[in-house]
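One chain is shown next in structure tokens, namely the form predicted on its own.
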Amino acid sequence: MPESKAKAAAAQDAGLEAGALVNVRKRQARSAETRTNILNAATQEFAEFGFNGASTRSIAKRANVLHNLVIYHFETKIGIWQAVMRHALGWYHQAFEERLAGLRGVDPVTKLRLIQLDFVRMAAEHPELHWLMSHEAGQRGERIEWIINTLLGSGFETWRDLIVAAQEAGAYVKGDPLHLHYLFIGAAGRIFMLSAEVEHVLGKSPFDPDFVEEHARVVQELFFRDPPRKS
């Protein structure tokens, strides 16, 4: 084969390969977009109805995709539920760890104040997380055990240690630290789950940024104490 024809053939092959690669990437991008769309729809479905009330067909309808695409991406109902919980709790856990790393060297009382403030803001930005957990946390079974063992883990230990340190500094209300942490979670997040009622009664949205900051201040005043003065 003449050299010019060989070069032309090689260029054509390279073009075909490049075109095939572009098509593959487009299909991958569409697949990832579809998966994300299904995951978002599933988050809404599980947050509203819980695991028992949700269905893969309802999720497909919310996502505006064929039901077999839900099965293709997640295989089973428990598979998509686990993906939702990994997504909902995973990003928070990562943000929590990154925040703690950024506060390395900060005293425990200040650190606890700041991560509690972060938690209140997160609760306002992602009320679906509280709905997802409210459906699971009150029921014994494999799902709540999976959440605790797989996703929450050492987070409880971190909160406990910070609360204990703040108590020892005289800056936090006395009591079992994990019990107090659960009280904080309820005080911080419940108001956003009751947003329609709160807006009707108070005449303002609990999601308003100014309200969120005021809510954080009030919640923290329930738990923090002025440390005793040194003589």
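Numbers follow the displayed sequence, beginning with 1. Here, rigid core means the biggest group of C-alpha atoms that superpose within 1.5 Å across both forms. It should be emphasised that the depicted structure is a prediction, and the values quoted were computed from it without experimental measurement.
Keep in mind that the form predicted in complex with another copy of the chain is not shown, yet the notes after this line are about it.
Of the candidates Ala196, Ala32, Leu66, Val164, Ala196 is the one whose heavy atoms come within 4.5 Å of another copy of the chain in the model of the complex; the others do not. Note on the partner interface in the model of the complex: the residue among Ile144, Met122, Leu100, Ala88 having a heavy atom within 4.5 angstroms of another copy of the chain is Ile144.
The stretch from 80-88, 150-158, 100-108, 67-75 that comes within 4.5 Å of another copy of the chain in the model of the complex, counting heavy atoms only, is 150-158. For the chain shown alone, Trp131 is a contact residue for another copy of the chain in the model of the complex, at least one non-hydrogen atom being within 4.5 angstroms.
Interface membership of Ile191, defined by any non-hydrogen atom within 4.5 Å of another copy of the chain in the model of the complex, is confirmed. Put simply, Ala137 is close to another copy of the chain in the model of the complex: some heavy atom of it is within 4.5 Å. Contact between Thr36 and another copy of the chain in the model of the complex is not found at the 4.5 Å heavy atom cutoff. Shown without its partner, the chain has no residue in segment 93-123 with a non-hydrogen atom within 4.5 angstroms of another copy of the chain in the model of the complex. In the core-superposed comparison between the shown form and the other one, Asn149 has its Cα shifted by at least 2 Å.
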